[in-house]
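The chain that follows stands alone, in the form predicted on its own, written as structure tokens.
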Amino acid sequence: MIRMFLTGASGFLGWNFCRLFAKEWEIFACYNNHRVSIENVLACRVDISDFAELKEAFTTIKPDIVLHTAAASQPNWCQENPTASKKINLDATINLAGLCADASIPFIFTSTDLVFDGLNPPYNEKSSVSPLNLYAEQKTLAEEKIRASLNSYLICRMPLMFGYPGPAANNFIQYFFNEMSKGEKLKLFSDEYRTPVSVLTACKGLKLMIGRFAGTIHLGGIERASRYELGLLMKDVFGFKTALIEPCSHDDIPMPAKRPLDVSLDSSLAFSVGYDPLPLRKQMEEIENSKKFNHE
């Protein structure tokens, strides 16, 4: 069985990937601040921003492949914490890529649709990047370093994802659920567009590409939507008939990190090799049927 070293085991994407595919690989998954326990996964604490600690774990595990999902993924936090976020998003990625290069093993990196400036959507893999905030800049630089240092790599640009975040991570849709459950008014951006997918869809797409594709690929959904539209869809699917949802603009809510207005991804390349996201309503219904949020 192929041995995988996965970073970000307590994160939204990493936790769900481990939970879904623990039997596909021998997964050694690392976390830092939030201990996790996942069936059929050996989880261990590793501070990936500490190179000596990271190298020791890598050398001990002797992986056949690395899946790097760990990230400081909140743009506002990154903007206000440039040094700390750089250690996680850029430095740790460069160090992991170097270890993979030295060991001659594949490196899979999860990047973001936010590497684009939002002015010329939809974006395919050949579109020029132009990050507007520090988080996106760190991801862009990480992509560049990976391409320069590795022969065997896969960069998956991920869209906005929604779904059950697991025991340690945060997820915007859970916030939506909690606020709707309490009857609180939600103000959601109606002028920021992405091509969202459920985290289950994203994990399945990521698994599909590992070993099948090399280079850079987009794993967006088939529909363009704003958070306001997602909120309305969730209100309908989850049955929150009296939920109060109002549209708002980025200009209404000043934030430390500038956000692009439309980073819709053209994922035709991924579709051509078997990636097949369901419509957003179907993906949302899968979440509602699981009753995960109701158990929290």
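So that there is no doubt, residue numbering starts at 1 and follows the sequence shown. What you see is a predicted model, and the numbers here were worked out from it, not measured in a lab.
The protein also exists as the form predicted in complex with a small molecule; that form is not presented, and the subsequent description refers to it.
- For the marked spot (V46, T69 and S73), a heavy atom within 4.5 Å of the small molecule in the predicted complex is present in each of the three residues.
- In the predicted complex, the small molecule lies farther than 4.5 Å from every heavy atom of Y123.
- With a 4.5 Å cutoff on heavy atoms, N133 does not count as touching the small molecule in the predicted complex; it lies far away.
- Contact check for K139: a heavy atom falls within 4.5 Å of the small molecule in the predicted complex.
- When contacts are judged by a 4.5 Å heavy atom cut-off, S111 counts as touching the small molecule in the predicted complex.
- Residue in contact with the small molecule in the predicted complex (any heavy atom within 4.5 Å), chosen from G118, P159, G166, P106: P159.
- Per the 4.5 Å heavy atom criterion, the small molecule in the predicted complex is contacted by stretch 28 to 36, the sole one of 242 to 250, 229 to 237, 56 to 64, 28 to 36.
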